[in-house]
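Next up: just one chain, as structure tokens, the form predicted on its own.
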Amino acid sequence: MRWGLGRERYRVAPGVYAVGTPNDRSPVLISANYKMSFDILRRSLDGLDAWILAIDTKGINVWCAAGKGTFSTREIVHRVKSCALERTVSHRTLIVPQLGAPGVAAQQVKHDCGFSVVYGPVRAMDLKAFLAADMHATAHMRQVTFSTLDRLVLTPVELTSMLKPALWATLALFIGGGIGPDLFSFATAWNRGTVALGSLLSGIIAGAVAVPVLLPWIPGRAFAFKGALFGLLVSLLMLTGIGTSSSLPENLALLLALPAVSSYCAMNFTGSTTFTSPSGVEKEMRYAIPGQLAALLLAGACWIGAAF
């Protein structure tokens, strides 16, 4: 799942699940039906007796589902009623993960199904302490963190998402690499295409792995800018290694294309972060994507022109 393979099918059936041997007084915790979210919650409750009410978020995790509208007041109310939860527990309290709060109106849940909402901690690992403290969260439990390890864990799925575009780009690079005075040469396509592919992969790794890991230390606020800046650094280092073996148009193509690819990949990471908002992402894309496309087109013209 960390590589994003089959995530759309990685879900559990909505409904009530038992952890340990719960009774009618055991707490009820709301979860998304994305199986990774469900399993992490279940693992964090090891040794406790509790109920998990998995609502139908279409297999999306809690935070993303809250933003998309599937982790919602309506779905919680519907699932409470359809599962007849009032027959399972004698209390009327639901523990909703804090990151699901944007999609849940506590007063409306209370009004529609009779259950009160208590917002639990950000991290499932804090649930035992939260429950032991009579459902009182500390400031630490309420704080969203995004450490280097947190960012690194997310990079494999970023690489996977780039796989299909990279395959099409590879085909285009080998075709474009063979264009020259003799119309087309397979030998030239292999030689120039291999070099260009190395630049493409360097841009993807720079934007999808290096930028997320180094995110707080790269200057700038916009992810597209951070990616372009780091990509430019990588391209300059590559030019230092190439020396005089490449022509000026080829060097210019590298200086344009690699930062553009890195910028796009870094911008794509905004959907995984706590550093921005949906409106911020939309604003960034409006000005970044045209610039990235222009840089790639100009780079392509310089690179193909260098063959003549």
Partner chain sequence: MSKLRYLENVTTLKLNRDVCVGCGMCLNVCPHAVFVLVRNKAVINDLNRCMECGACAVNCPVAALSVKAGVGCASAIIYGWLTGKEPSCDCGGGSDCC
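Positions refer to the first chain, counted from 1. On a predicted model such as this, the values are computed, not experimentally measured, just so you know.
Only in words, not in the display: the form predicted in complex with its partner chain, which the text now covers.
Colleague: Can you say which of 173-181, 230-238, 143-151, 194-202 gets within 4.5 Å of its partner chain in the model of the complex, counting heavy atoms only?
Modeller: Of the options given, it is 143-151.
Colleague: I'd like to know whether Met267 contacts its partner chain in the model of the complex, with contact meaning heavy atoms within 4.5 angstroms.
Modeller: Because a heavy atom of Met267 falls inside 4.5 Å of its partner chain in the model of the complex, the answer is yes.
Colleague: Should Trp63 be counted as a contact of its partner chain in the model of the complex, where contact means heavy atoms within 4.5 Å?
Modeller: Close contact exists here: in the model of the complex, Trp63 approaches its partner chain to within 4.5 Å, heavy atoms only.
Colleague: May I ask you to check whether Phe275 falls inside a 4.5 Å heavy atom distance of its partner chain in the model of the complex?
Modeller: Judged by the heavy-atom cut-off of 4.5 Å, Phe275 is in contact with its partner chain in the model of the complex.
Colleague: Answer with yes or no whether His111 is in contact with its partner chain in the model of the complex, where contact means some heavy atom within 4.5 Å.
Modeller: Outside the cut-off, so no.
Colleague: Of Ala169, Leu131, Leu215, Leu85, which residue is found within 4.5 angstroms of its partner chain in the model of the complex when only non-hydrogen atoms are counted?
Modeller: Residue within 4.5 Å of the partner: Leu215.
Colleague: Of the residues Ile289, Val16, Val12, Leu296, which one places a heavy atom within 4.5 Å of its partner chain in the model of the complex?
Modeller: Of the candidates Ile289, Val16, Val12, Leu296, Ile289 is the one lying within 4.5 Å of its partner chain in the model of the complex.
Colleague: Residue by residue through 104-121, which ones have a non-hydrogen atom no more than 4.5 angstroms from its partner chain in the model of the complex?
Modeller: In sequence order, Val104, Ala105, Ala106, Gln107, Tyr119 come within 4.5 Å of the partner.
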